[in-house]
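As structure tokens, the next two blocks hold two forms of the same chain, structure 1 and structure 2.
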Structure 1
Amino acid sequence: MSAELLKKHKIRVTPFRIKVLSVFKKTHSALSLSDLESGIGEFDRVTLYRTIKTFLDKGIIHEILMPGDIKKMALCQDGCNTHLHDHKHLHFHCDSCQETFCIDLPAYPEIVLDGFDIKQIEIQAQGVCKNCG
């Protein structure tokens, strides 16, 4: 399935890219760079950074920037591509376990501002997740 995802996004399939994708697919939450590094074992740092940039640029993963300089990455949904990241979910950061989750919402708010062309809305929340609560 990872090879098909790379092909769909017109990315050359390599064993390293498959390995990086497998780390994302094994987790239920977003990953920090150190989480990703731990999950892939031995690697070349430059190759990892290039792979992350390619995955971001092609719409395979997205970055989550939470207050307090928390930066994580998670797999994108099917609607993302090179030109558009279409995320209609909430990013929830647990203050207890420090995990960050992408959570689908039953209804996504529509915001209209006169004179503004909104391209993307990001909703963030912090608190205690259901596993820690």
Structure 2
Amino acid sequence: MSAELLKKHKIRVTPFRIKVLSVFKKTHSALSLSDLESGIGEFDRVTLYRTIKTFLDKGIIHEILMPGDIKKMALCQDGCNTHLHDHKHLHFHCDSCQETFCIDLPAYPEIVLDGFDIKQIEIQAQGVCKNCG
């Protein structure tokens, strides 16, 4: 339940935040800013910006940036919080339906670069998704 999620991250439960979360929960793919805007209905732009910022800071949602200036957001996994975003999944963008999905990977690829200390790896994939293929 959305209220629990907010409490877990120690921020207040407000109608607007519940509304935003409900838009995220309604879909299984990641949302762009305009997806959110149209999903919410009437809203104040400033409040939405601040809500998104808070959700990002608290580890409630994460940003997904894909080639072609595509910027989306999706709900985080349970383990995420303000300081740690640990997503053992890749982000897949379908060139056909334009949707972006978070897909869990059984084994996350290991990459070693001599001299570099790699702290985090993100994988972005593009192609045709299960529904469109």
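Definition used throughout: the rigid core is the maximal C-alpha set that superposes within 1.5 Å between two forms. Numbering runs along the sequence of structure 1, starting at 1. Here the structure is a predicted model, which is why all the values come from computation and not from measurement.
Source of structure 1: the form predicted alone. After superposition on the rigid core, displacement of the C-alpha of residue 12 between the two structures stays below 2 Å. The rigid core superposition between the two structures gives a CA shift for residue 112 of 3.6 Å.
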